[in-house]
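Before any questions on how it binds or moves, here is one chain, the form predicted alone, in structure tokens.
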């Protein structure tokens, strides 16, 4: 049986009761070296934070006499390109943003130069590792070693049209049943023409597969035997439970929500879900917090002054376990410019620059940012986001080398149930069978 040793975000926490304070200014001219003529290349997801990254990178260029080129890709193409480049020992990118759930895969493939020793040699006032939020920090660890910096944490919140809820005099949903009832009401009420209840991620593959993992813990379920909130060894027994009663009920809930979504919702992924809300076509979405700033931009959002956020819903009698995800910043093992790359990484991730990144629209990943008065004034949803981050489970999605294949296989079957090609029970029986074979072949569970 393949043994996995993981650290679930458990570096010592900054005392949560401390009042937020602005990070002290760092003398970057002393902290950073000059990298005359060096061209750093950064590869990242084409998520909204890429614009914030581009806004602040010129400051590093001025400090170091270097240039920074940032290139973004879609989710699946990014994973494919990064893994291919790694297999070819490609050095064209120096800094890699990877999904936190890919960490184990990238470590085991030799794609990442672990940063733990570099952090140990760096001024602790620059790195401030205790300031990172624990539920996301765990995704930067593998095999007990800090592999990357947890710089762009996402958590799910319920985004809802407060104007519609106030007009209808409906309580903001807290449970799955209340969510379904509200979605049904807005979809069917003649008082709200052109508005559907809720958009969800139902597209075949990674979108539907990840959505299952995002919801199952708040349903009181678990994807495999030893993975549940608070588990001390979430990878100890990976016997799949994708056809358990709670898992099947979860997929049935997804199917039941289809009539209350926009036309074609069965093929919605992240962009389609967010765009439906931005254009005022749905009353609710559950969405990653990285997109929340976009909803406030009147240039692109029709709901910029009409929405609010709430905690992730949960099944009756269960607790909210908001999904946690996001992007960790890693040093390409094959880069030939590691000193310059590390200078950029420690500069970008520092509390001081992180605050600038968040104020430019990036996702907060530090306690200090979540409690900062300037950030809260600019992003009033941050207190709910902070509460979500403290209730999240760091291992809410698999993070070993089979992660991408496993989620894709699961998402295929979830989508089959949603579009009616199979019953939820049939689809999840097939998912459980296929994933069991997959993990057995890879050595993650005993034969």
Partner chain sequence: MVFDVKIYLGDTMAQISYSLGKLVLPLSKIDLDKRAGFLFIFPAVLYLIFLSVFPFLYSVYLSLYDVKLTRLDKKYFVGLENYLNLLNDPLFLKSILNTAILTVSSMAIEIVLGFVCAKIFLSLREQRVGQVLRSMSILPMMITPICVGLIFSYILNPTLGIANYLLSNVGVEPLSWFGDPSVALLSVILINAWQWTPFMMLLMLAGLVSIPDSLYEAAELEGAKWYHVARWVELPAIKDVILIGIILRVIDNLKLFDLVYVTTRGGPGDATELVTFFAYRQDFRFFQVGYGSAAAVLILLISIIITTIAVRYLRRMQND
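Please read these numbers as outputs of a predicted model, since none were measured by experiment. Positions refer to the first chain, counted from 1.
Here the subject shifts to the form predicted in complex with its partner chain, a form of this protein not shown in this document.
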Stretch in contact, per heavy atom within 4.5 angstroms of its partner chain in the predicted complex, of 37-45, 380-388, 407-415, 58-66
407-415
Does its partner chain come within 4.5 Å of any heavy atom of residue 226 in the predicted complex?
no
At the 4.5 Å heavy atom threshold, is residue 136 in contact with its partner chain in the predicted complex?
no
Tell me, yes or no, whether residue 327 is in contact with its partner chain in the predicted complex, where a contact means a heavy atom of each within 4.5 Å.
no
Would residue 264 count as touching its partner chain in the predicted complex under a 4.5 Å heavy atom rule?
yes
None of 344, 260, 217, 268 but one has a heavy atom within 4.5 Å of its partner chain in the predicted complex; the exception is 268
Quick one: from 175, 206, 337, 187, grab the residue that has a heavy atom within 4.5 Å of its partner chain in the predicted complex.
206
Using a 4.5 Å cut-off on heavy atoms, which residues of 75-103 contact its partner chain in the predicted complex?
76, 77, 79, 80, 83, 84, 87
